[in-house]
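In the structure tokens that follow, a single protein chain appears in two forms: structure 1, then structure 2.
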Structure 1
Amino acid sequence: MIQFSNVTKVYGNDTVALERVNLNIDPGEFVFLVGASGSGKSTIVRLVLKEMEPSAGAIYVNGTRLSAVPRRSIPRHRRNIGCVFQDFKLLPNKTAAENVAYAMEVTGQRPRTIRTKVPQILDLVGLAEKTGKYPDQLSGGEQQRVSIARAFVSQPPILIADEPTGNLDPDTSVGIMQLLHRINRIGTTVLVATHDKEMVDVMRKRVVALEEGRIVRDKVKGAYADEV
């Protein structure tokens, strides 16, 4: 589903963000990317989204080499990847349901489909009773659930979460990770970049550890402490 082949990324000031990274993530896997700030986690996420190009090497997503994707096709590429971020990125003037619906509207989905799927996805993430609430009327955990619903409403084959529990308390974080696990069990490939040691240890999924732009550990059913 995601393949990095000898990928190196050097930023303009000669900062090496990734160095000869080889990584294969199969369809349906749940993978944690762990490591200190500056280790390369976010660079991997941005490369998968084609927000930038590698300095060397090849990246494949769902069988397509990203260097062959023209600029005009980047939005289509990104529609196959749901994204969840630390700061939620919800539209403050829209309700939970409207935030999720908006993600479908911008991709041209039919109003009837939107009316059907939005309540279903909000129910999946445990917010069936909060559809009419605005972001400032929701807790941090509830806002993140709306963000996940928005990312998953079109059921993309890949879901990427970049520090999804960074602003949440431990108990709320458990619920968010359980939700990502539930989405993974549906068949979605899930990639989570995180500093959340406790969550990684509890989940016991594949852990890929980065250090100074290199993969230093790759362990199935690993723990954060095993890797870093």
Structure 2
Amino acid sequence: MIQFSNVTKVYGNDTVALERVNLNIDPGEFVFLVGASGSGKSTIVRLVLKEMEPSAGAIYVNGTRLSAVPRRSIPRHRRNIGCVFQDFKLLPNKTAAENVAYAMEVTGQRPRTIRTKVPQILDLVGLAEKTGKYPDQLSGGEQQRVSIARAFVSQPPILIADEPTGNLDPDTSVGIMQLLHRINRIGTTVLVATHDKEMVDVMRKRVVALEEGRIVRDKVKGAYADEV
């Protein structure tokens, strides 16, 4: 589903964010991407979205080599990937409900479908009361949940979440993880970049560990840190 083959990413002239990364994620997998701050997790996310090009190596998503995707086809590529951004990336002039609806509008879905699905999904992430609030009227955790709702409202085959529980209290975090787990069970490929040690340890999913841009560990049913 997602394949990195010898991918290197250098920002500017000398910031090596990823170095010869090889990674293969199969359809339906649930993968945690862990590593210290600055180890290159968000860089992987941005490369998968084709927000930028790798400096070397090839990336395949859904069997398509990303460097072969023309500019005008990038929107279609991105509609296959729901993404929860580390900095949420909500539209400031839209309410929670409108932000979620926007992700459906870009795919040209019927207004009636949008009107019924948006409240359902916001209810699911526990924001039924806040649908009419603007991002700057929401707490960090609430914005994060709007971002999550937006990412999977169209039920894309791939869901990527960059620090989806970073701003949440432990209870809500568990709720979000359960949600991601449920999304994964209906067949969605899920990639979660996180620092959340407890969550990773509890979930017992595949763990890919990054250190200074290199994959140092890749373990099925792994934990956040090496187990001795």
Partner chain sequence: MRFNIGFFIREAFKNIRLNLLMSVTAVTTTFICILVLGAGLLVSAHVEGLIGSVREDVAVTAFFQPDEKEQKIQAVRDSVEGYSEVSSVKFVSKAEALDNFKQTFADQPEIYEDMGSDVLPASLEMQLKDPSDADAVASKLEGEGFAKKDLSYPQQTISRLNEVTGYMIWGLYGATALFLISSILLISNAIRISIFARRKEIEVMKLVGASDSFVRTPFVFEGLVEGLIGATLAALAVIWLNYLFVDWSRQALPFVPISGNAVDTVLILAVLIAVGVMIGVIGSFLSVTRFLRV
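C-alpha atoms forming the largest set that superposes within 1.5 Å between two forms make up the rigid core. The first residue in the sequence of structure 1 is number 1, and each one after it adds one. If you're wondering where the values come from, they're calculated on a predicted model, not measured in any experiment.
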Fill in the blank from the handout: Which block is the form predicted together with the partner chain? Structure 2
Completion exercise
Hinge between rigid units, forms compared between structures 1 and 2, options 99, 35, 82, 32, answer 82
Exercise for the section: Tell me how far the smaller rigid part swings relative to the bigger one between structures 1 and 2, in degrees. Expected result: 20
Exercise for the section: Give me the C-alpha shift of residue 147 between structures 1 and 2, core superposed, in Å. Expected result: 3.2
